[in-house]
Structure formats: structure tokens, C-alpha cells
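First comes one chain, alone, set out as C-alpha cells in the form predicted on its own.
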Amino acid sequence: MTRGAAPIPAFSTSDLTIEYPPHGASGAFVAVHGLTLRLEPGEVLGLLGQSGSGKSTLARVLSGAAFTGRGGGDVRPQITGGEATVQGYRMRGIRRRKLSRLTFGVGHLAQDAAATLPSTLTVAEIVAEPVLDRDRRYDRAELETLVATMVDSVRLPLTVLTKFPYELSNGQRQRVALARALVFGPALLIADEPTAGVDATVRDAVVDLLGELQRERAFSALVISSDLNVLRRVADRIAVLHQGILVGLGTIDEVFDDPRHPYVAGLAAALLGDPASDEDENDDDEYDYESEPGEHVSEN
């Protein structure tokens, strides 16, 4: 880096539009409209919005999963307008070799990651799998040490290494999925609903663990959640998506103390316990809870 040059953002988007192509009887669907957003190195940005708002679509594009086929249905979203740059790589039309480099530096914790761990593999094999997918000749002793270190880092006992996913609790499976997402020591983690499917009794522990790991390893993070309490615990700033459009950006207090969009105003009123807000929010539910094409497991 040239002395005095600004640091490269973890990701940036400029007027980004993401669309699902026509498939079957369904026409094209625009999931994200003209999004301009930036995540600084070491920052944690929370992404808030109801189902169908485009959160998981954005996660799949920024993580590269949309272009590798990892996660989220058969219909892949496409960038049809604007630009997205992740760790210095332009995502629009990215080539396979650059995509491989990108995914090495970006960890993706998909919303259904804990529920879709390979049932026939042990925890040790699950965490090691991304490494062996890239290099089957990776030194096995070194890999064993790496896997044990990752499992320990997510506060799991090493006795789980020989266990299978069905032998673990939901919270333990989520920690295994997190260890797998962080196995390469990524500079950016994209965590989509990191507490999805986790029992309420251990939800705070999972969120706190995510925050601890981010501080210890100093990675940037995009944490996607429909639960404001989760974002309040980990995020420096939040962005609010509504029907694929950015309608709020700033610290939580900045966004909700001075809402600039009716959807954000409704959320703010609900947070303050205004009964009238419940009726306003219900007016939007019919749209907001429509699933995006190809995201039948990605947006709850």
C-alpha cells in the first residue's frame, strides 16, 4: 500500500442491482435495487430487514457463493447494474481463479449452515473439508492442529472432534459451522442470521462468541439478522434494507432516533412500544414475507 493511501474497504457497492433471472413460470425478480454501501477494515456492519428484503441475496453475492454454487437453491442471482468490490476484487464477471482467491479470504456462515452440516462426516472432517477441497495434499499433521485450534477457538471441547452433527446440540452445530467458516483466517466474515435455529437459552452466547472472535482476529464482518438485539450486541453500524432498497444507515441510535423512511419509522415506533406501529407494520407483512426466488431456505 502506498504511504498515505486510504485502506481498501472490506467491501463496497455502488448503485448495485442484483436480479434473479426468469425460471420456470416465474419472471425475472430484482432483489437488490441500487445499493451503495461500504464496510471498512475491522468494522462490523449489521444488516437488518424482514424476509424478502434482499439480505441473503446480498450475502451470497458478496461472499462469492452465488458464483460458486455454494448455498441457496438452484437459481443464482446476477449482478445486472452497478458494481460490487470485495477485498479489492470486482464481483461483476469475476473469473474462476480470482473467485478462488476471493473465497479464501471471505468466510461465509450461511443461514442454514448448522442444519446442513454433512451428516456422514465427523466434526474434525467438517472443519477440515474446505482446506482439503483446495489442497488434497495438505500436511495432515498440520491440518489436525489447525482443526483442533479452530474448534477450541469457538469454545468447544476437543472431544467433539470425533462426533457427528446429530450428536451435537443446535448451539454446538452452529459453533462448528462458524469454525468451518473461519478456518482460513478470513479478513471478512459474512454471517447470515448467525442465531437461526439456536435455542434462546444459548443465543446470547453465540452472539457474544462472534463478537469475541471478531475482536481477537480483527476481521471485518457483515452480520445479517432480523433481530435488532443481535445487532445491538455486535455491530458498529447498521444498514436497513426494505424491499431491496437501503432505507437506513448509521449507528443504531442514529438510524432509529431520526428515521428517514416509513419502514424505519415503524420499526422505531415498535422499539418504543407504540401500539399504533403494530398496525402499520402489518400492512407491509404481505410483501415482506414473500421469499426471494432461489432463497427458500435463506430468508426466514
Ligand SMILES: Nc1ncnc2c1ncn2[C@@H]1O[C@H](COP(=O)(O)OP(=O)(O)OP(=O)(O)O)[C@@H](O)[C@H]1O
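For clarity, every value in this text was computed on a predicted model and none was experimentally measured. One-based numbering along the sequence shown.
The discussion below concerns the form predicted in complex with this ligand, not included here.
This ligand is not shown here, and in the model of the complex it never comes within 4.5 Å of any heavy atom of G266.
Not displayed here, this ligand is kept clear of T103 by more than 4.5 Å at the level of heavy atoms in the model of the complex. At least one heavy atom of A31 is located within 4.5 Å of this ligand in the model of the complex.
Residue contact check for G52: one or more of its heavy atoms lie within 4.5 Å of this ligand in the model of the complex.
In short, of 36 to 44, 258 to 266, 56 to 64, 230 to 238 it is 56 to 64 that has heavy atoms within 4.5 Å of this ligand in the model of the complex. Think of it this way: in the model of the complex, this ligand has a heavy atom of just one of V75, A205, I94, L161 within 4.5 Å, and the residue is V75. Only one of the listed residues (Q111, S220, Q172, Q87) places a non-hydrogen atom within 4.5 angstroms of this ligand in the model of the complex, and that residue is Q111. Using a 4.5 Å cut-off to this ligand in the model of the complex, not one of F11, E129 and R134 places a heavy atom inside that distance.
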